[in-house]
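Taking the form predicted alone, here's one chain by itself in structure tokens.
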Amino acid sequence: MDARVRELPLRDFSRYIDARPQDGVLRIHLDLFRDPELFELEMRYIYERSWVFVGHAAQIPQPNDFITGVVGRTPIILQRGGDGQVRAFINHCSHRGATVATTQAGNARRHKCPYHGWMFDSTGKCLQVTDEALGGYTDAFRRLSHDLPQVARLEEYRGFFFASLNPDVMPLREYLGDAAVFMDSWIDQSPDGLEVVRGDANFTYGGNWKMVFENCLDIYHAKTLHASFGTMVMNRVKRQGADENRSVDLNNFISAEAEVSYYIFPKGHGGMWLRGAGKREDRPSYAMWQEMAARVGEDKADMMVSGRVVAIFPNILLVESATFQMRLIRPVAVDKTEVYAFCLAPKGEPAAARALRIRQYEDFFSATGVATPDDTTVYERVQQGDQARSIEWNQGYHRGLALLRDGPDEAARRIGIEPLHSISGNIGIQGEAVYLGVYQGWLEQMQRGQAQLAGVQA
């Protein structure tokens, strides 16, 4: 048995997930959001055993560009070397362990450790052991590699880089499954792919990481929690006679004609596709609809100008609600989470559409937006409420459960995906049962991680 496992008792993780859809029951134990020991196990068995999103190619387009991040608790550098190859290193000087890259992003041909000056190039190779000649080093030391250690696995899906500390993790494409079709719906908006609009808006909230993962698939909260957004749009129309930002009006978002499909994919991934919610002409990508339809077909082009979300377990969210955003989740503690948010856009987008995209982003998601503060405030209130230890379960996972069906719905068949389960119908469902797949994925990874590290069969 792995020595680290002895530090904490083996757990029966199935007791935290009460998933009996055949009986109309879906409950998630509140300890998933408040138990520090369980959080520690999530880092071991999910974030440090599975694939974790670490960055997009558009964030490091030039030779020697880098970004920093973490895989679980391990600090990393994702860097495009001077040779153009992207690598992931552990951000840990081989001398005394100090992080050698300390900024969120940059361009550096070399990284110099701030402690004793050891130096590494953009491929991770150690260029200098400071004052080595006079250091009295042994031959055994000289036989060691002093390079920055590479992360065990790094794979790319069409510009999206994922890393794993587990050398035996399954291939990334197998891990993503049909959830990748949702990713394609943004990537294929342009034949040249995606780019990151300059700037980012990062935030920290005092709550568990799974709250933001759930939130992106939840439109049930929009009219209540984001009422201030609707008021802002309404006041703009009153003062100016029009909303020049052509905002997606959340007050009319849930219209009688709109339809929704929720998809439950293996491995904990979830998807949501809104059809007829808001005017598609108000989405910046609509400016490219004719070209997209000619290139990929009308069904896929229609998806590209629809509201939709894909949540790739455990830490990347692609969200097109009021506008499009990519979010990277970085758990810090059971009750503290960092979120790194980016505005992505199709390359070659017309200038007017790009301007509209930025205005919509500023309205809703950005540091100047009114939606993100609503969400982070309520996460913290949920975290406070969940401290009621006499309460073990919430009731927030049943909405839409009666509509759960096996396999794809008609909309899924049109775009060629095979989810495990679908929930579809009028957008008024505002379903929450899509979390069934998220927590089945959580349970599967926790059980497998514990079994692998304990050296026993699951």
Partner chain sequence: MNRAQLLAAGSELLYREGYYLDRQQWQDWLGLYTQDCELWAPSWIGEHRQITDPQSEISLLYLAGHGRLLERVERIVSGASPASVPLPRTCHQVSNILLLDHEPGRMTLHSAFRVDYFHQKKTGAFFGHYEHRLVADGEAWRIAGKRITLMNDFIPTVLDLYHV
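Numbering follows the first chain given and starts at 1. Computed from a prediction, not measured in an experiment: that's the story for all the values here.
Missing here is the form predicted together with the partner chain; even so, the following discussion is about that form.
Peer 1: Answer with one of H146, R73, R236, R295: the residue that has a non-hydrogen atom within 4.5 Å of the partner chain in the predicted complex.
Peer 2: Checked against the cut-off, the match is R236.
Peer 1: Can you pick out, from I187, A201, L328, L274, the residue that has a heavy atom within 4.5 Å of the partner chain in the predicted complex?
Peer 2: After the contact test, the surviving option is A201.
Peer 1: Counting only non-hydrogen atoms, choose the one of 368-376, 259-267, 297-305, 135-143 that falls within 4.5 Å of the partner chain in the predicted complex.
Peer 2: Stretch 368-376 is the one.
Peer 1: Find out whether any non-hydrogen atom of Q387 is located within 4.5 angstroms of the partner chain in the predicted complex, and reply yes or no.
Peer 2: No - in the predicted complex, heavy atoms of Q387 and the partner chain never come within 4.5 Å of each other.
Peer 1: Flag Y361 as yes or no: does it have a non-hydrogen atom within 4.5 angstroms of any non-hydrogen atom of the partner chain in the predicted complex?
Peer 2: Yes, Y361 is a contact residue.
Peer 1: With the cut-off set at 4.5 Å between non-hydrogen atoms, does C343 touch the partner chain in the predicted complex?
Peer 2: C343 belongs to the contact set for the partner chain.
Peer 1: Is there a heavy atom of Q85 lying 4.5 Å or less from a heavy atom of the partner chain in the predicted complex?
Peer 2: No - in the predicted complex, heavy atoms of Q85 and the partner chain never come within 4.5 Å of each other.
Peer 1: Would you say all of L225, Q240 and E338 touch the partner chain in the predicted complex, counting a heavy atom within 4.5 Å as a touch?
Peer 2: Yes, the whole trio is in contact, each within 4.5 Å by some heavy atom.
Peer 1: At a 4.5 angstroms cut-off on non-hydrogen atoms, which residues of 136-161 are near the partner chain in the predicted complex? List them in order.
Peer 2: Residues within 4.5 Å: none.
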